[in-house]
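Shown here is one chain on its own, the form predicted on its own, set out as structure tokens.
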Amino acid sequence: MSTREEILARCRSSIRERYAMPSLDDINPITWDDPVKQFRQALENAGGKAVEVPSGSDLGEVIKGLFPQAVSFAGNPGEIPAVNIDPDTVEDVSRMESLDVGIVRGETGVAENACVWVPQTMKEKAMCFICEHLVILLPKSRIVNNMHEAYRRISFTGYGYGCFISGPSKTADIAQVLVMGAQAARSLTVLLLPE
């Protein structure tokens, strides 16, 4: 028996009482009358921003208007005219270290905590974390009430990776000083697309 197996066996032998897993049918997750409104509030509380995009708007112009000083925009060039870097054609991800704006499509938004499920749809997933400002495109109809509903909807692409993103990266670990963009983007903007 290996050391690992021995430790686990000792832990298992110390369990005095066993409990059955609770039925998921007994859980009544939180819901809202207006999940979009709750999503906006939760995102603002997390330090992000939600912007409703009117029907027929040019997404490229909307994004450029939000980041007028930005020079580099990465994302799917066929979807957003403002994009001048295609993450699928970047040979060395370190060339994206000074990326101003990364643009990705979110699959599901969660009103409970403003998380957005973002499946990997490009070769360089680092774009979501290395950019200064992250923009997530999310149809309002894809916002659900809670994580229980979200987990039923998530799916993976051929890359086999995805993550929930909520708000900009921040930490206050050192001297309790809030630092934005410590591990990822300094700002998060979710563009709420019309139905």
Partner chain sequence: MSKQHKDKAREFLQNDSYATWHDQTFWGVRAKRDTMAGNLPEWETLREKASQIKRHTLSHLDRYLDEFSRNAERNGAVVHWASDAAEFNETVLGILKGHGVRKMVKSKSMLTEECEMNPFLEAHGIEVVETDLGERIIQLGRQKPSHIVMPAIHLNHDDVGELFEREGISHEKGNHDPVFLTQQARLSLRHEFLSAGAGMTGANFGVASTGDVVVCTNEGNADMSTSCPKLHIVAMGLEKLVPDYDCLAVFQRLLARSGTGQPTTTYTSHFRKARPGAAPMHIILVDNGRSTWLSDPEHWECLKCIRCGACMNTCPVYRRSGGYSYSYFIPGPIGVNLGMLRSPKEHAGNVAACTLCQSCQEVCPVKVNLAGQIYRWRQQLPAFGKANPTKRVLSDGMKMVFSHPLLYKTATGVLKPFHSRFKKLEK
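Residue numbers count along the first chain shown, from 1. We call the rigid core whatever largest set of C-alpha positions still superposes within 1.5 Å between the two forms. None of these values were measured; they are calculated from a predicted model.
Omitted here: the form predicted together with its partner chain. The next part is about that form.
*Asks:* Tell me, which of 64, 49, 142, 148 has a heavy atom within 4.5 angstroms of its partner chain in the predicted complex?
*Replies:* In short, 148.
*Asks:* Any chance residue 72 has a heavy atom within 4.5 Å of its partner chain in the predicted complex?
*Replies:* The answer is no: residue 72 has no heavy atom within 4.5 Å of its partner chain.
*Asks:* Is residue 53 close enough to touch its partner chain in the predicted complex, meaning at least one heavy atom pair within 4.5 Å?
*Replies:* Taking the distances in the predicted complex, the answer for residue 53 is no, it never comes within 4.5 Å of its partner chain.
*Asks:* When the contact criterion is heavy atoms within 4.5 Å, does residue 126 count as touching its partner chain in the predicted complex?
*Replies:* Heavy-atom contact with its partner chain at 4.5 Å: present for residue 126.
*Asks:* Since only the chain is shown here, I'm wondering whether residue 94 would be in contact with its partner chain in the predicted complex (any heavy atom pair within 4.5 Å).
*Replies:* Contact check for residue 94: yes, within 4.5 Å of its partner chain in the predicted complex.
*Asks:* Using a 4.5 Å cut-off on heavy atoms, which residues of 130-144 contact its partner chain in the predicted complex?
*Replies:* Residues within 4.5 Å: 130, 131, 132.
*Asks:* Comparing between the shown form and the other one on the rigid core, is the C-alpha shift at residue 171 2 Å or larger?
*Replies:* Residue 171: C-alpha displaced by less than 2 Å between the shown form and the other one.
*Asks:* After fitting the rigid core, is the C-alpha of residue 15 off by 2 Å or more between the shown form and the other one?
*Replies:* Yes, shifts by 2 Å or more.
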